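Here you'll find one protein chain in two forms, each presented separately as structure tokens under the names structure 1 and structure 2.
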Structure 1
Amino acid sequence: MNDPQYGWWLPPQISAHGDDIDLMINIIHWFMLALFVGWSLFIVFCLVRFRERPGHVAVYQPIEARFNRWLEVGVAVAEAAILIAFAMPVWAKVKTLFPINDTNTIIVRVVAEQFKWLFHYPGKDGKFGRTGPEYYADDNPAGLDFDDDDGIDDITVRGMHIPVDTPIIARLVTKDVIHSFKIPVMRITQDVIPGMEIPIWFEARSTGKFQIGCAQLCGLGHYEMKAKFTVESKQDFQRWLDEEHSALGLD
């Protein structure tokens, strides 16, 4: 596996829909740069052109500036074009391609709490055990109902593992305050709201070891809220699942 390479620009991109999101980010940043330079030059021009000097008096009537009016219309049209032609198609693609009926999809329950992430996988039976907020405890961070047989072989870990080229549905819940599930290399940021289970999906195109963070200021220990994110081959992922299952001592 490769080590993460983070530089001054965008982090590595390994997501199936990351190219579209990167295109959006680049377009918006270059557009904002053009606006910043243009407005900065205009401000400098005004400071010089209308500075106080002998024989120069202020004009108190509104100025008819036709060029500025058309310029503002042009900026609004450009912003609308970016929204309609780029942002909305990317959003629609991610939403409509949700792999709920794909038999290869792997579902992971993600539990957020101050200041840790927990990842909950079904066991060999492929079923999640029953969970509920009334079951949360220090020795039961996933909130599993220990009387439910489906949850006996469930796997709970502090680092997320997924196989490459496989759709992943992450069901996000939080035990306390608002958090934000962020995987920079997957171009994913999703708020996690108390009392709600929010599903998202993604698919990795290459293997590696990366990092998960929290993008919402969630308390004094917010900076500590991170977890390892491992994308591996399907064979390595199955080997990892088998090792975690063996560690439960159920065989």
Structure 2
Amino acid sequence: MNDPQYGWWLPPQISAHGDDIDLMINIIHWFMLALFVGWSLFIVFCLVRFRERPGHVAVYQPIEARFNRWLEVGVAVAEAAILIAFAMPVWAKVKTLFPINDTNTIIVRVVAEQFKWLFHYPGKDGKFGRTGPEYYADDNPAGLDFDDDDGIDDITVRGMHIPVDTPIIARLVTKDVIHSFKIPVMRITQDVIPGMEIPIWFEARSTGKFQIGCAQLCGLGHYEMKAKFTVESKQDFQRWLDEEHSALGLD
């Protein structure tokens, strides 16, 4: 594992869809820079060339009224191109093509509360126990119904572990107010809305230890609502799961 590098520009990128997003961010910024430099050069040129001075007079109508059509058309075309070529396909891929039929897919339930994250894995049986808001308690942060046998082997932890190169579906819920599940290195942000369960999916391309943050003001402790995010090899992930199982005393 290399130490990830953070600085004054985009942080490390380890997500399967992240290259597309970064490419888009970069293309748009080049486009913006070109426009900005164009405008600025034009302005500076005018300020010097057309400054008031003895003998110089303004011209009532110096330019034909069609002059900036090209610019507008150019901007419109560039925006349309970015929209159609990048924005829509990337968003469609990230938001709709869920890997539900992929047998490798790992499903995690993420429970947000002021000011902690909880990660709920289905355990050995691959089934989540029944949950509901009425079961939330100090010793039951995931809100599991203890009468449901599917829940006996469920794992609940405060840090997220995922295996590399494996599609992950995270089902986001919150106990109290709106939070926002943000992993900068994965290039994802998703609000967690009370009363809803919102699924998102992503896939990590390399291993490492990173951070999850909350990106929606959720109260006093909003700023410290972070969690560890560990991407590990499939073997390490399996080993971690096994350890968590033993900790439950089920083997």
Partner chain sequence: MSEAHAEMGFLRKYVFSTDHKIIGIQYGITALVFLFFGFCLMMMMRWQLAYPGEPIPLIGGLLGETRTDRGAMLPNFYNQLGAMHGTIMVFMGIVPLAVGAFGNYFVPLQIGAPDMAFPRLNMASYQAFVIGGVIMLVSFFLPGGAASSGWTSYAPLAVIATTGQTFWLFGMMFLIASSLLGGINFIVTIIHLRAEGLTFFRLPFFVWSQLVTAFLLVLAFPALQAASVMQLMDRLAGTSFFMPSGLVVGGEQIAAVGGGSPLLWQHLFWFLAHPEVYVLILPGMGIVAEVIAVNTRKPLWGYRPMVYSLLFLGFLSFGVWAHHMYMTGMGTTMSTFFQITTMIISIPSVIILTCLVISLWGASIRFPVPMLFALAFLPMFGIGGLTGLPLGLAAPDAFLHDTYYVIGHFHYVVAPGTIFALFAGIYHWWPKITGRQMNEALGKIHFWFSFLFMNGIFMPMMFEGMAGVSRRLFDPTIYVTGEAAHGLTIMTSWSAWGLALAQVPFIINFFWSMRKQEMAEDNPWQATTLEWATPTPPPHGNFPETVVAYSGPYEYSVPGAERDFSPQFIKQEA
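Predicted, not measured: the structure shown is a model, and the values here were computed from it. Take the two forms, superpose them, and find the largest set of C-alpha atoms that agree within 1.5 Å; that set is the rigid core. Numbers follow structure 1, counted from its first residue as 1.
S.K.: Looking for the form predicted in complex with the partner chain among these two structures; is it 1 or 2?
M.R.: The form predicted in complex with the partner chain is shown as structure 2.
S.K.: Core-aligned, is the CA shift for residue 45 between structure 1 and structure 2 2 angstroms or more?
M.R.: Shift at residue 45: 2 Å or more after core fit.
S.K.: Aligning on the core only, does the CA of residue 32 end up 2 angstroms or more away between structure 1 and structure 2?
M.R.: Residue 32 C-alpha, core-superposed: shift of 2 Å or more.
S.K.: Look at residue 75 and decide if its Cα position differs by 2 Å or more between structure 1 and structure 2 after superposing on the rigid core.
M.R.: Result for residue 75: yes, a 2 Å-plus shift.
S.K.: Fitting the two forms on their rigid core, what distance in Å separates the Cα positions of residue 54 between structure 1 and structure 2?
M.R.: On core superposition, this C-alpha lies 11.3 Å from its counterpart.
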